[in-house]
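Presented below, as structure tokens, is a lone chain in the form predicted on its own.
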Amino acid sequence: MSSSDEHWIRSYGRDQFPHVLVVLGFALYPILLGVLNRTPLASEASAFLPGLTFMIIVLYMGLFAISFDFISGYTGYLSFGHAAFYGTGAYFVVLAANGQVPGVPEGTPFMITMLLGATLAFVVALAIGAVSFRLTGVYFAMLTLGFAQVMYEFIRHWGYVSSNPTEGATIPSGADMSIGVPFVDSLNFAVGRLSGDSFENVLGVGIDVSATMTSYYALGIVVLLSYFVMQRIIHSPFGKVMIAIRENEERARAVGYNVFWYKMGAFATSAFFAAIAGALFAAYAGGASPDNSFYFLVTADALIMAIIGGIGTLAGPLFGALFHEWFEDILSTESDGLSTYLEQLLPESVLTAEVAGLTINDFIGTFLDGRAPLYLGIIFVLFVLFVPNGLLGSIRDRLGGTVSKRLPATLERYRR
């Protein structure tokens, strides 16, 4: 190997160092959580760390938020109807599992139906974009929202989907929702809350892998590959034109770029990966409904995650999703959150003590238990006012460039 090759490998590895740290963090998290749950800190871990089911939500919602950022953060065109593509991917794999997609036989591997659903979303985005990109700014955003709402109402009343389309459709019991290499059983792992694969005594070292953990790692691989494909596009000449459109569309047009088709390509690509996120959601949840896939508030969640994480950073929305789901988890009524922890920690005399006519126990139930949406709204407003560049964007500002480029040099300076 020549010295130039060694230099390139070393430079590439240094640039990808932050990504490696993030991937390792996500990969080791279930193990760390399992270890903490077997220590005296188990109650604190349950109260302040997100459970594995919430981390799975981080993965597919994080991918959806990243796909939203791909078009909105890098071209400046806010896609308020992005849930249309998320729902397309979700419903396609559900209908395919039920044998209701013409030309797609029942039993087709999930990986194939996922890609077919993403391709359909790609085509739908071209159709929507052909109309929507005639406008700019808030008019584009509202037009995409209008298209999404039309699809939402259509799905809610489409009897072909199920006998009760308002409630959605489910994946039939026994359907193979496996992530891996199609038609190679040893390289496929079933995902799902109740139907995923589980493994005992892995490699003979006494480690058991639950169905939830299998789903977490399987979904994580798809999300990781999707992220790196989008990152590669952003750093390609195509991505440079996307950024040029965001910075000054008229100048990009003046130098000879056909900005309409670049916007169409970016929009359709973002729809492709949004549909993959929707397919992952449906496979894990075992179904989909109009309200959890096509509804405009699904896009609103992606917008919040992107702004908190840093819009225009690509990786930032994943951290925004992590923050969003962590906050929901600790204030959730469905798990051992902060309210449960305080009720177990504080003595009965403190819980029954009254302050302004309310006992401490009533105060916890009123202001903490299940109040995540209230506080997330407040946090969102604070981020918009005081941290407009989001978590990752602010770090980039601090370092003077992207984390992958600046962090190694910054660490080396402190090491010296």
Partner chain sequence: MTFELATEVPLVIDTLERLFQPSTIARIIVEGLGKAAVYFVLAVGLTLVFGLMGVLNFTHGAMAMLGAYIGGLIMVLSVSDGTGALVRIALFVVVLAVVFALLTGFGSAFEYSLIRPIYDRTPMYQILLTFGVALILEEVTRIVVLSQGIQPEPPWSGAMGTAPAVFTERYDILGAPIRGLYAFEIVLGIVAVVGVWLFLNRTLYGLYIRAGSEDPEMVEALGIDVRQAFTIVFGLGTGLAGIGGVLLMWDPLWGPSALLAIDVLLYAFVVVIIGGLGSFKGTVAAAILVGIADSFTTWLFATGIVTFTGLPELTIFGLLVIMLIIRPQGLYGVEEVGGH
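Residue numbers count along the first chain shown, from 1. Because the structure is a prediction, the values reported are computed rather than measured.
Absent from the display: the form predicted in complex with the partner chain. The rest refers to it.
For the chain shown alone, Met114 is not a contact residue for the partner chain in the predicted complex, no non-hydrogen atom being within 4.5 angstroms. Interface residue remark: Thr108 is not counted as part of the site for the partner chain in the predicted complex, having no heavy atom within 4.5 Å. Taking non-hydrogen atoms only, Gly146 approaches the partner chain to within 4.5 angstroms in the predicted complex. Taking non-hydrogen atoms only, Tyr284 never approaches the partner chain to within 4.5 angstroms in the predicted complex. The partner is not drawn, yet in the predicted complex one stretch among 22-30, 57-65, 375-383, 37-45 has residues with heavy atoms inside 4.5 Å of the partner chain: 375-383. Within 4.5 Å of the partner chain in the predicted complex, a heavy atom is found for not a single one of Glu167, Phe189 and Ala275.
Shown without its partner, this chain lists Phe296, Tyr217, Phe122, Tyr341 as candidates; in the predicted complex, only Phe296 has a non-hydrogen atom within 4.5 angstroms of the partner chain. The contact with the partner chain in the predicted complex, taken as any heavy atom within 4.5 Å, belongs to Phe154 out of Phe199, Phe154, Phe228, Phe183. With contact defined as any non-hydrogen atom lying within 4.5 angstroms of the partner chain in the predicted complex, the contacting residues in 289-308 are Tyr295, Phe296, Leu297, Ala300, Leu303, Ile304, Ile307, given in sequence order.
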